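Single chain ahead, written as structure tokens, the form predicted on its own.
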């Protein structure tokens, strides 16, 4: 570092400034970021004055590097089509699948190709014999750092073939305290300075008598954590106890099948559910086999007033392990929540009104909804006075007989259940309109520090 600083000061003195720090870094074979660090330090000491120089250029994306070597997708596709034409199904056998999809679309837009359906099966035929690969030429120009037109750049950027690169270098001149060697200012007057008289020429670091001491750094509770604590307190005050929810890996049986959710339901698709590879299954042998048979029967043939789903239920699908998608899977094991004889939808609405009133959200609305394991089902909405709109805060319903009866519960026993959002009530209570302002990488941390512990009246 000291070597770089010395070379910088010497060059500024001898050349009466440095026109571009990037060129200087190259001349001394040093990383520009190292040079910038020394420049900032010298600037803070007023030894140099700094002027920003902005740089911009287009750079190729990884996808474009492939097209630079092999030609644009549209030209690769055109070259793959023989004079007599090619069945659409055979195109991906001649060019890579990703190139085929993009290239075919671009070639059709350029009107180089057309589709002939006169023989029955769609046939791709040429409309031109040869073309000039202007896309590849454009990428070559970018690779050689040549200037390209704005329309060409925008078109290539839209196709994600090029990307902008921006960086800064700096023009350096002598500052008011320029010297060929940095002298570290003294922070205190010593006895030796007084005895030798060196204090007369010694530079001292200025004292800032208005500076405050460093504020103590204390922890701050996030609004979500505060409202979650309120959830827990209110429910325990209402007589509920917590279920153990630390089994994050669950079998498909308890997560779906026991809840009368069919095995072909979209929620089991790989896009919505994360299945495990190791261990991939959980044996269902420990589950009472008569209960397992009743679950199988109600899925296949129905019962208890239901027609069922009419498919062949597979034990292998029920054994698949997954990351638990909801806490209702825990409820299906314990049948907790509120379970009693003669419960009605009015009891469910009453419990929810009691909870949200204690939370500070007394205005509620209920909307009919669909859940595979509850009927009737209701979405829960609460009104935000600050945002002046209704927001969904949860889902609820009464467990279906197809779920409860296979467990052996009597016909007059009902279970009311609900799943509540934590984020939406927090947004209403704190007047937050955008969930990105509540959590995520864009959250303003000062928001967390400003909000006091949430005290809500009962």
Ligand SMILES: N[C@@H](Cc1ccccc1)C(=O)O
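Remember, predicted model here, so these are calculated numbers, not experimental data. Numbering follows the first chain given and starts at 1.
Beyond the structure shown, there is the form predicted in complex with the named molecule, which is absent from this document and is the topic of what follows.
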query: Contact residue in the predicted bound form, from 72, 252, 328, 382 (heavy atom within 4.5 Å of the named molecule); finding: 328
query: Partner-contacting position among 371, 106, 135, 282 - heavy atom within 4.5 Å of the named molecule in the predicted bound form; finding: 371
query: Any non-hydrogen atom of residue 399 within 4.5 angstroms of the named molecule in the predicted bound form; finding: yes
query: Contact flag, residue 391 vs the named molecule in the predicted bound form, heavy atom cut 4.5 Å; finding: no
query: Partner contact for residue 38 in the predicted bound form: the named molecule, 4.5 angstroms, heavy atom; finding: no
query: 4.5 angstroms heavy atom contact with the named molecule in the predicted bound form for residue 417; finding: yes
query: Option from 25-33, 417-425, 62-70, 49-57 whose residues, in the predicted bound form, bring a heavy atom within 4.5 Å of the named molecule; finding: 417-425
